[in-house]
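Given next, in C-alpha cells, is a single chain: the form predicted on its own.
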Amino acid sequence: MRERLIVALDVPNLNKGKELIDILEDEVIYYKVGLELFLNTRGEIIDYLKAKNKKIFLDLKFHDIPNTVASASKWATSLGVDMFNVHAGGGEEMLKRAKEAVQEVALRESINPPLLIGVTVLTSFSEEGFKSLGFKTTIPETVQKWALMCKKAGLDGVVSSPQEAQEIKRLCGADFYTVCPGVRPLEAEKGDQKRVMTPKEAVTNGADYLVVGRPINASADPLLAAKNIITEMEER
C-alpha cells in the first residue's frame, strides 16, 4: 500500500518541499508535483525527488490544442517522471497525440514511458457547480464518458474521485489505472473537496492510487499522518 499512496507536495517553495520529503523518509515513495511547486522551483523539485529515488507524478493537467500538448508531453516524458496527466476535456485527438509523444520519446531515449493519465472531473466540483458550467450530463456520466475516451486514445488511466473508481474499472478494465484525489481520513476536514472518501473506502471502491495532500502536509506530525493513512488503506 505504501506504493499506492501519492503525497501531494502542496507547499509554497523548494525548502518546504525538501523538508516534507525528508520528514516522511522511507514511509512515502510517491509524490505529486503540481503547478505551484513546479513553477516556484522552476522544476528543481523534480531533480531533488529523483536524487532521493522517489517516484514522481507530474500534475500539470495539459489542456491545449493537440500539437501544443504533444510537444509538452515530449518534455514531460524526457524529465523522467513516472506519471503525468493531460485533461480529458481536450478531446480524443489531443489525447492520442499526447500518447504518441510519450511513446516516441521513450523509444528514442530508451527509457520507461511514464503513465499517461487523463483528468476527468475535478473533485472540487459538486453537481450544482458542474451544471453551472453548462454540462447536461451528471458528473458520474461525464467521468464515465471521458474515461472510455481516454481508454480508446491509449491512455493508461484517469484521475477521478474515488466515488467513480469502481464504475471506471467495470467499463475500462482492471488494468486501467484510477488515480484518486479527494481522499480524507475520517477525522480530516474536507476543505475544498466535494466528492470524497476515506482511504479504506477509496481502495475498496477500486482506487489504484490515492493522492493525499493537506491531511499529511498540514499535519503537526506528517510522518504519523502518512503512516495512519497507509494503515487505513490496508484495512480494506
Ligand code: C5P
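From 1 onward, residues are counted along the sequence shown. As the structure is a prediction and not an experimental result, all values here were calculated from the model.
The form predicted in complex with the named molecule exists for this protein as well; it is not shown, and the discussion that follows is about that form.
Checked against the named molecule in the model of the complex, the candidates V119, M94, L116, A76 yield a single residue with a heavy atom inside 4.5 Å, and that residue is V119. Of the stretches 39-47, 177-185, 197-205, 66-74, only 177-185 has residues with a heavy atom within 4.5 Å of the named molecule in the model of the complex. None of the heavy atoms of E19 is located within 4.5 Å of the named molecule in the model of the complex. Residue contact check for A226: none of its heavy atoms lie within 4.5 Å of the named molecule in the model of the complex. Contact check for K61: a non-hydrogen atom falls within 4.5 Å of the named molecule in the model of the complex. A residue is said to contact a partner when one of its heavy atoms sits within 4.5 Å of a partner heavy atom; Q163 fails this definition for the named molecule in the model of the complex, lying far away. Residues of 150-167 that come within 4.5 Å of the named molecule in the model of the complex, judged by any heavy atom, reduce to V159 alone.
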